[in-house]
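Coming up are structure 1 and structure 2: the same protein chain in two forms, each one given alone as structure tokens.
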Structure 1
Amino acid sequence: MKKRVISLVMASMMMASAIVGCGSNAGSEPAAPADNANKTEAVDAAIESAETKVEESGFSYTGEGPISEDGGTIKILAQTSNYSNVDITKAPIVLKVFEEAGVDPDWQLLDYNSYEDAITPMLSAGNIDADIIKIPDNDPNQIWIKSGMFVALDEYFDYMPNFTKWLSENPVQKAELTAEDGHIYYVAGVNVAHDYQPVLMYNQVWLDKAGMQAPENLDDFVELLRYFKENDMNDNGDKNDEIPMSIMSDFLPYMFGPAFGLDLVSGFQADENGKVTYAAADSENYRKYLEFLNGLYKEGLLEVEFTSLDRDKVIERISNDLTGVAFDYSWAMSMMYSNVLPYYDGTEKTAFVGVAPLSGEHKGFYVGRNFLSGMFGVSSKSSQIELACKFLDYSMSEHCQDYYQWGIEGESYIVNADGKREYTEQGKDNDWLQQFGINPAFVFPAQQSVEATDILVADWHAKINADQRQYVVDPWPMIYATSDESDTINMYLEDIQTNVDENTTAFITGTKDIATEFDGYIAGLEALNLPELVNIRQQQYDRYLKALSN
């Protein structure tokens, strides 16, 4: 059960174009323009001048399959499915894409869980024999772009009608994908960035027993935790086996940071004036955040083992009715947590339900995701760059996105009398759907869909998701670093992150005393050249605002 489901948040919907901007200041005046703002003129010109190439035989690729008259084999280096029992290379949806494209795959798939660790040295060594490569991250520091191992896709736009159309329709993503040198190197997958995001959840039955509403602020929240701790919430006669909340440590910043005005998830954040700061170096609010968590820890409301708590343990507790509060990706709500509760009857009344974020001195919010993720590039060492570009283009076409989001008509979904799609009985079985290859973001630039996800989850869950959309703000935007910037970032960021991670844990657990050692921690960050990094992020953010205003 453990790693299942991430891909259930499925595809469609390019709501990307509708949602732009960064946090609360998207509409604010752009700060002073940076000299080296990434310009999209070259990409725009390439889109403008792109025209369908007619091959000598008279065959031309217009964005539909087949992509080649003579077939061929495309070598793809990507990830295995995150479901260990799914062989993505045999999934009908994936096979269908290749069948229609008229080419055969030659897979090199690396394990999903260790993909970043495995592919990074391979890319660094530069000796990869593949036509299409899924890079391990969004390449924010342009490490792979600068290595020269990927072709500038805009030089092959004649072979990429679907991608050029998508770029034209999504100017913000086009700007985000445009590198420092004015070229575009990757075709990206698209997330549902404001839906089904990490959310605070309560055991509704426990809440009702306590006679309380879902708390909206930190004080009420702490009161509720105390109540859960002191009472026999699961009616088993033992008042001591209740664990008030079960939160994996990675989610603590999501859950409590906003109440203190901090976006600790992104790390860097911009205020309403466009001024960039590092959240974990906020000497006032971060201190309060740590004091709050330290208080929870000392009182036993945040468990001793919070750093090693994992999803399996949380599920185990919920299935034994031992815990009242959880925080996780929204999909877990009905698909992983509620359904293991002993008394869940399929309704909201007996489920783990998502609620509004907690507020403190600051109004709470949930941190969303960037729209772009899952980047695919074409290797400059490929002997068939045009064919690889065509396949990448075809695999991101709307036609294929439909497969990724819904599957194949008659098998995973049907169109009902009202003309609306609905999943078949088989399609409602998540295991089967995964085997079928739904949302194959591991191997293709798939785009997620709110609509398809709404149908897949419980009705009450879809409604809660819709209610919560209002609380979700954009994270730090995807902005490429310039060469100089990436050198500095690479040099300093790792040490800073290490410092923050270990001090945060030490302050929460009381190993370090906030009253006497917090100032030293802030000074330590400065000694690690944080001001220089903040300065770079400020320049990047200014560039981003400028690109938006263009």
Structure 2
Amino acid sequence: MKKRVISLVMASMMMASAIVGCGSNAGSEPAAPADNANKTEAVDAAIESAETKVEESGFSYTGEGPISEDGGTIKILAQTSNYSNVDITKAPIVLKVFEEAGVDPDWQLLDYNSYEDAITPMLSAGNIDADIIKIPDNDPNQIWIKSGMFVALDEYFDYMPNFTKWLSENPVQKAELTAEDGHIYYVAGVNVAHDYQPVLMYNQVWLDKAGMQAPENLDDFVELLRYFKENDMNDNGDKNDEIPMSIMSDFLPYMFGPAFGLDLVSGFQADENGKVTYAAADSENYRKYLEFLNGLYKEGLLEVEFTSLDRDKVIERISNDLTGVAFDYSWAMSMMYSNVLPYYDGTEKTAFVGVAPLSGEHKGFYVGRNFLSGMFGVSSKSSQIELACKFLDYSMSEHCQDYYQWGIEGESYIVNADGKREYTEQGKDNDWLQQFGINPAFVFPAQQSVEATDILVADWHAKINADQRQYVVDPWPMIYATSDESDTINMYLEDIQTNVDENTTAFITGTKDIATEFDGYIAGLEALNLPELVNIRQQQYDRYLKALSN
């Protein structure tokens, strides 16, 4: 019987989770549901107090700039931009936030691509001199919370009117941010979780030259790749320079996993009966997934150096009309991929076009994203915790979110006579807009906007995005693990993930033989205590479903 790993019915339940105070977020676990109700009373009281309290004397921060009468300097440890040509510290939008806040930045920015590897040992050692820190993940197992590295923000809610207002208006996210001890430690950015998600894209000009439609299943997809590989698709007289598919390795699970019934993006998954499994330990479907990718690799349809391919290289290939298939966040469709094609004229017919997911024995789907993303906390070692809380609060205000989504009036956008906004000509240039500092989620808790993105991208792109929503399903929900659960997860999960990553690459490239060594791989995961982790995830998911039913 064909199974849908995360059924649309379950996705609908997750979207309706606001009723019970739980939400849906990818790749990490949510704040514990109903059992924590009594622990959140202190947070509720802190929010109510902060919304009504007026400081009796001295400078009063009201949520607007400036945040301090005397100014000051805020030390921020965060990421560089994921665009190599963007210096986020000089971006006008970022500078505007500091100017209006009346404080100066002292930046400590680590490379975007290696941020987690670089900051994790720093956090573990407690060797950080910063007021505000962007944590490397959503801290699902409360590692950094338990380390004492961050202050409980609810104890400073009198200085955070914007954040308390946002929490009151977003009870789902408030529940997700509430730790096991009942405190809130992080301010988070917000993703558009069902729009502009990772999507399969084809060079429409190449498709038309081949006389083919976008494939709906894996077999037709392979035939298309073979055609691209064997024919002079770019009409330059050389039939050997075509690269049929340019896919960064991180996107292979997004692109092909669902066709085999696997949510490899989230890792753990639940079927329509609520049974939890680990996708990369599915002895039948994961094996077929690896066999399929190994077949592409042997044929040269998946390039030899697929593990080292990055976005800049993909863009370079597209600009030289060398590749026919890509997979990336939908944002790239018209803003980074189509616009560099030598013949793109602004129309869908000359673009890299997003399509429905591929199906195999299982119907394809796209895995949506976490609503919460980009967690920022105030260091408990800061010598100016109140000022840091004020700045973090101001940086997530509606006023600043408007900057993050639209930029600065007259420079990146204008307001028409009918009151509607539209981007200026230079604002429609993605490179310029990135350098201007749009969506600076690397350094601030930025909230993404579907409306602003729809206006920014080509009209045909916005229509495709709207059509893609039907294929996007919620990932594994986000719930903070209990203390006992997190201890076990911290003990075993990293080794399991490392084992999976190493073996996956080996099986795809053929350095390990799937026929003779796959069973040993599964046995190895069991020896690393995977069954115990699956049991914990099952308990968490059962709690989640109970909260939904309540």
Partner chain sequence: MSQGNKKKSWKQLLYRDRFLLMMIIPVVIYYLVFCYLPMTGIVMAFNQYQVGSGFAGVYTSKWVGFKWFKQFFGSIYLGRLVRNTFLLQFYSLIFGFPIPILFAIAVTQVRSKRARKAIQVSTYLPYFISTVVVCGMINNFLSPSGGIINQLLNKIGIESINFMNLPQWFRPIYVISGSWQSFGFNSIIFVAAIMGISPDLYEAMDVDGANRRQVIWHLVLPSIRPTIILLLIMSLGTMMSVGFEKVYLLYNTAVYETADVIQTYVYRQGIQSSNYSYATAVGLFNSVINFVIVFVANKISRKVTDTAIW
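Values in this document were obtained by computation on a predicted structure and should not be read as measured data. Start at 1 and count along the sequence of structure 1; that gives the residue numbers used here.
Problem set entry | Structure number, where the criterion is the form predicted together with its partner chain | Only structure 1 matches the form predicted together with its partner chain.
For this session: Would you pick which one of Arg369, Asp208, Thr482, Asn320 lies where the chain hinges as its rigid parts rotate between the two structures?
Result: Of all listed residues, the hinge one is Arg369.
For this session: Could you let me know the angle, in degrees, that the smaller of the two rigid parts turns against the larger between the two structures?
Result: Hinge rotation between the two structures: 17 degrees.
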